[in-house]
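Next comes just one chain, in structure tokens: the form predicted alone.
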């Protein structure tokens, strides 16, 4: 079934190293996206027409433009047009962070806007200051709403890193293709075994994140 090619030489280790590259890029991008996206989301929740206009354009660009096109623009375009030498990994982090910040900020904005005004009023009525109301009443509700949505974003970013092979980064999918090409004659079924293994590796990488999300949801409900 093609699994035997993984036992040749260091093929399996190469796949794991490729997965490590993809996870490193995605996790760096996730960290940047969560921090900056949360800050931008709070800003977006303010009633300011200028801010709303600018962020609307930003969100529409991210939603309309495919990540692959953004990768090409940053990696190939910036190098030629601006004369900036950006590595493939740095380009990937920039693009995925650009995408992740937009997605995370919209999630935060939606979560904040979804809190009924009566929650703020109830906190004030109980004698809490505005800061205390946000800390003890609003933020816990926002976090509870954000947990499943943000975890979904994280897993999507991990899976979408497969696009980085298009700009020459040797991640897990690129390594898989190299192994298949090298064993095309000796093992015609190599593609099945290699790609199924890559599927399992992605599942192993994303499943703990999903389970951690369930744990956090239960914890915040208590």
Partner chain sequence: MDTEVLSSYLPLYVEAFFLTLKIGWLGIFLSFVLGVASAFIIHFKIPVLSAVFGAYVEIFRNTPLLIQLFFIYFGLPKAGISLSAELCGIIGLGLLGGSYMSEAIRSGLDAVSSAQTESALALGMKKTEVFTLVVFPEALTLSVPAIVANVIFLLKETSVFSAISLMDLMFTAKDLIGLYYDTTEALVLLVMFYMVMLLPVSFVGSVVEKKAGAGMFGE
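What we label the rigid core is the largest C-alpha set whose atoms superpose within 1.5 Å from one form to the other. Bear in mind the structure is a predicted one, so any value in this text is a computation, not a measurement. Positions refer to the first chain, counted from 1.
Note that the form predicted together with its partner chain isn't included here; everything after this is about it.
Shown without its partner, this chain lists 28, 65, 182, 51 as candidates; in the predicted complex, only 65 has a non-hydrogen atom within 4.5 angstroms of its partner chain. With the partner removed from view, the residue among 163, 175, 169, 154 that has a non-hydrogen atom within 4.5 Å of its partner chain in the predicted complex turns out to be 163. Using a 4.5 angstroms threshold between heavy atoms, residue 24 stays clear of its partner chain in the predicted complex. In the predicted complex, its partner chain lies within 4.5 Å of some heavy atom of residue 191. Its partner chain is not shown here, and in the predicted complex it never comes within 4.5 Å of any heavy atom of residue 15. By the criterion of a heavy atom within 4.5 Å, residue 58 is excluded from the residues contacting its partner chain in the predicted complex. Residues of 180-217 placing a heavy atom within 4.5 Å of its partner chain in the predicted complex, in sequence order: 188, 189, 191, 192, 195, 196, 198, 199, 202, 203, 206, 207, 210, 211, 214.
Taking the rigid core as fixed, one finds a CA shift for residue 206 of 2 Å or more between this form and the one not shown. After superposition on the rigid core, the Cα of residue 63 moves by less than 2 Å between this form and the one not shown.
Taking the rigid core as fixed, one finds a CA shift for residue 47 smaller than 2 Å between this form and the one not shown.
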